[in-house]
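The chain below stands alone and is given as structure tokens, in the form predicted alone.
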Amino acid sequence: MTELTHPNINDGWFRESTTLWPGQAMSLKVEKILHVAKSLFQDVLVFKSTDYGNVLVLDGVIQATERDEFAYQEMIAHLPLNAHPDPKKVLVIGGGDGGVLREVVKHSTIESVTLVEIDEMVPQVSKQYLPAMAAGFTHPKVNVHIGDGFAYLKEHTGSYDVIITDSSDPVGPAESLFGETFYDLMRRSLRPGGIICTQGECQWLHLELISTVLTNSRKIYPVVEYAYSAVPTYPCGQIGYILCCNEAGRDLKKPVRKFDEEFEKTQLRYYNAQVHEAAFVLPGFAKRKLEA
């Protein structure tokens, strides 16, 4: 069998390649390359690292590692879900690794959650190489639709209590998911009092982009907030979340529902009620820019 190779892996190290964070690159030591392929939409790589477990990479950029994925998955799911008083129907756009699904179904109020993923190869490789994340696919409340998020939203007006967009960075197939048109489509697909939560990039690298998205969102939603958390293998060790609600006067910064203490200890590794509130406390440079 021919040994797998990949242009981002040299001398036993993986190195990210992207123009989105110039002058810096995350590197991980590689134990074994597990999967290399070109899907219809992007380059897909999975490798086993020496210290972060199996790693999913799309178009040269780390999407998830077994060691730290929970920090992102828990926050992007539980921030909007616990800010909603009674979420029943949830839509996840992207998130083909299954991690967000795994977190959403931890909420007893959920009646159904639909995942819309454009690239069917992502769920396939995640089920094979990232089974702890992909466990969400087997839950009876989960429905999976392979297709375009834009088209799906147009056909499901007023259908969801919470919409979570777990996208990669704004290049390639995910670029349109950061535009004003997409945010308006999500608003149309919400029920009254509905909340959206989207991947919100890094304030150290993408403050202008974040500011633009927030400015555009405030034209569409009466309540718009920005939160962030720490994830070691994302650029600068940080990732943001943009939350919007279609009902004026709502406070997304405080959970209106809380997990009990035993659940937090046994079922969660990053999120808790205190972290929920702290996630919206921004450093001075970001606060001045994003609240201007």
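Throughout, we count residues from 1 along the sequence that is shown. All values derive from a computational prediction rather than experimental measurement.
The same protein also exists as the form predicted together with a further copy of the same chain; that form is not shown, yet it is the one meant from here on.
Heavy atoms within 4.5 Å of a further copy of the same chain in the predicted complex are found in exactly one of 55-63, 252-260, 235-243, 38-46, that being 235-243. a further copy of the same chain in the predicted complex is approached by Trp204, whose closest heavy atom lies within 4.5 angstroms of it. a further copy of the same chain is not drawn, but in the predicted complex it has no heavy atom within 4.5 Å of Glu31.
Using a 4.5 Å cutoff between non-hydrogen atoms, Glu225 does not count as a contact of a further copy of the same chain in the predicted complex. Contact annotation: Ile9 falls outside 4.5 Å of a further copy of the same chain in the predicted complex, judged by heavy atom distances. Contacts to a further copy of the same chain in the predicted complex (heavy atom within 4.5 Å) from stretch 39-62: Thr50, Asp51, Tyr52.
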